[in-house]
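Consider the single chain below, provided in structure tokens and representing the form predicted alone.
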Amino acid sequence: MSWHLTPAQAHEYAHHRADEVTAMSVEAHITHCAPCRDLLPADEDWLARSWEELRDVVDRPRRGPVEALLASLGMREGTAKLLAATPALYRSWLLATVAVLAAALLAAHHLPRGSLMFVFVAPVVPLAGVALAYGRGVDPAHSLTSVTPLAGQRLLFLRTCAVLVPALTLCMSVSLLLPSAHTPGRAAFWLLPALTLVAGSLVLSRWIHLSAASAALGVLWLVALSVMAVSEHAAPIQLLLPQAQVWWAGALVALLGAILLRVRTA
């Protein structure tokens, strides 16, 4: 704008009656023209309140409920803040987990062999959460968190633990309500396979994206169950019998050893 505002134009703009083109021109002009800026009425009380609210947000940021809970449990402020900033996909996964486990519980009580649905789902639930908890493409803030002191292995494992706690809690709660779960030990038959799949995805994430590693292991688990379901000499439940638990425990120990080695050499 090569000319200056007239009082009439300033009045029209201040009362939101100027067209869009004129309003944009006025805003571009008054940023570097003090005399024209003085023509516009200023609400000093509103400006004072706005600056005070801005200073309140910047100087005294409020903690969300998740961050406050983690801090109350003794977690350091920086770690609690980082864990509270979970990706939006993680929250969607949590809601989907509740819906899927509720459907599995209903199937177990109302369908013949309905407990098999829980067998198929429970070990994959934590794995799906891990796939959506960390990494480029699933976390909009990954570019920011990747340059923080907590980036890399530590953030990966923190996010994994943050996923495992609610996932295992939900799965255990549902498994205790299954018609065949008479004891806590029998209700936890899915736990070792679930932890082994999660540990395997963390080991594979050294070479491929964590989401891809989790997806590959999840598909492998479902394929193995499907093959055993159609086989005449095997059944899916055999993967969870006491004899199989020994093999799952051995695999989990080996994978945890690989993870510890990776952390020490990182």
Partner chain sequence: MSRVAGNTATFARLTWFNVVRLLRNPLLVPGSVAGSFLFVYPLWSVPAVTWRSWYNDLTYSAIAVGAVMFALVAFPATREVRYAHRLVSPLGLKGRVLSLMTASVLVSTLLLGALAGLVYWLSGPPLPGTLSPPAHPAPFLVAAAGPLLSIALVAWTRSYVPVVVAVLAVPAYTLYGASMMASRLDGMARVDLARFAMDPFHLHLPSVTGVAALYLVYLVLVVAVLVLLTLAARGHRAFRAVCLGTAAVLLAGVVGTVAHGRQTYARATPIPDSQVHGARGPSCQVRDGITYCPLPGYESWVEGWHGVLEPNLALLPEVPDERMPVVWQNSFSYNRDLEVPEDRDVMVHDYREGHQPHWRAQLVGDAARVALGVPDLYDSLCQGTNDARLMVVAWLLSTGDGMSRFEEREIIATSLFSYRPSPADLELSLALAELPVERVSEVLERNWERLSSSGGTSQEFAELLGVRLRETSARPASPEDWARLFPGHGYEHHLGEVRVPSAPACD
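Quantities reported herein were computed from a predicted structural model and do not represent experimental measurements. Positions refer to the first chain, counted from 1.
What comes next is about the form predicted in complex with its partner chain, which does not appear here.
* To do: Identify, from the list Val163, Ala194, Leu132, Cys171, the residue with a heavy atom within 4.5 Å of its partner chain in the model of the complex.
  => When its partner chain is considered in the model of the complex, the option within 4.5 Å is Leu132.
**Study point:** The unique member of Leu73, Leu177, Ala102, Leu95 whose heavy atoms fall within 4.5 Å of its partner chain in the model of the complex
**Key:** Exactly one listed residue reaches within 4.5 Å, namely Leu95.
Partner proximity in the model of the complex: Phe157 to its partner chain, non-hydrogen atom cutoff 4.5 Å
Taking the distances in the model of the complex, the answer for Phe157 is no, it never comes within 4.5 Å of its partner chain.
Open item on the list: If we define contact as a non-hydrogen atom of the residue within 4.5 angstroms of the partner, is Ala188 a contact of its partner chain in the model of the complex?
Closed with: Outside the cut-off, so no.
Is there any non-hydrogen atom of Ser226 lying within 4.5 Å of its partner chain in the model of the complex? Because a heavy atom of Ser226 falls inside 4.5 Å of its partner chain in the model of the complex, the answer is yes.
query = Do Leu222 and its partner chain come within 4.5 Å of each other in the model of the complex, heavy atoms counted?
reply = Because a heavy atom of Leu222 falls inside 4.5 Å of its partner chain in the model of the complex, the answer is yes.
Determine the residues of 103 to 121 with a heavy atom within 4.5 Å of its partner chain in the model of the complex and present them in sequence order; the list may be empty. Leu111, Pro112, Arg113, Gly114, Leu116, Met117, Phe120, Val121 sit within 4.5 Å of the partner.
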